[in-house]
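Single chain ahead, by itself, as structure tokens, in the form predicted alone.
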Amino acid sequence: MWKSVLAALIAAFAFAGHAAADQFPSRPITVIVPFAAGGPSDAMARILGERMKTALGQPLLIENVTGAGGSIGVGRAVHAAADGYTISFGHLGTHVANGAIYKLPYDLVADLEPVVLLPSNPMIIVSNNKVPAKSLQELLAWLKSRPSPANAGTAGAGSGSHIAGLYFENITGIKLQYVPYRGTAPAMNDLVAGQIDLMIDQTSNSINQVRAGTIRAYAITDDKRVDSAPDIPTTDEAGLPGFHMTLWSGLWVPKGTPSEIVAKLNAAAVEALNDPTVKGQFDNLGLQMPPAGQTTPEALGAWQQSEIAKWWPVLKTAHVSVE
């Protein structure tokens, strides 16, 4: 008797799960962006969310949850209900580096389900206009000649801008004095105002200020120039060969989210990425679309694990940690 009752309960739960997935979404979806409003992550999430609502039939509400290099926002998503109504937006810093830096109360792989790999963002070396250097070689010489390290803005320990700074130090032997912010948007405000010397920032966050002439750009950290700023040389061309770093982004949901719901979110995101208007907006920000065939949940999961294997040793060797 008990076996038949148990079987009936399991069948009932399975039916309820499928019914919930069939009806999904029936209300607005929250996308947690773990950085300040106005920054590159926020901009990408808003562009994507605006188009995804067309496919899903419900609005995607952006919630900016800042602090601790994005780990607080990711934690909020991890502990949300596994029903598809809370999405974690993140990138190399939040969903890879933070695992090597912070004592997280969650596991970045085991506690999240990957949804889709999003466009990547080459970094760009920029300074305030008071810095006398006009080229990357002049900037390197200026940094080396200083009696004390230059101030470099970051979005916090483990953020993309911080990882890029550590990588820069490793390649050049030049030390920087990091100034952490709750996102690169407030850091950019201080860079424009001359309160910090430089940043190695996401291209999408800096490009409009570069175009406006409020900050100076030296090089793109990629092996090819970006279409939205063809006059800015690559690090290879500017005299710092091999300094390549691209900040990729993605979407995740809490572990245990039904596979049918993950598939719906993935399909909506892929449809948005293929939309010509969205592509144009991302191109204008210097973003690079994911390779064909790399937009499945499985592809993001594999990529995240490979990036953990690549970057955790770098961060641990640099003794980057936050208590």
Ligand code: MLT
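Please read all numbers here as calculations on a predicted model, not as lab measurements. Residue positions are given as counts along the sequence shown, with the first one as 1.
One more form of this protein should be noted, the form predicted together with D-malate (MLT), which is absent from this view; the next part is about it.
- Note that among 124 to 132, 234 to 242, 154 to 162, 170 to 178, the stretch whose heavy atoms approach D-malate (MLT) to within 4.5 Å in the model of the complex is 154 to 162.
- D-malate (MLT) in the model of the complex is approached by Gly183, whose closest heavy atom lies within 4.5 angstroms of it.
- The shortest heavy atom separation between Arg216 and D-malate (MLT) in the model of the complex exceeds 4.5 Å.
- Interface residue remark: Gly286 is not counted as part of the site for D-malate (MLT) in the model of the complex, having no heavy atom within 4.5 Å.
- Shown without its partner, the chain has Phe35, Gly39, Pro40, Ser41 in segment 26 to 47 as residues with a non-hydrogen atom within 4.5 angstroms of D-malate (MLT) in the model of the complex.
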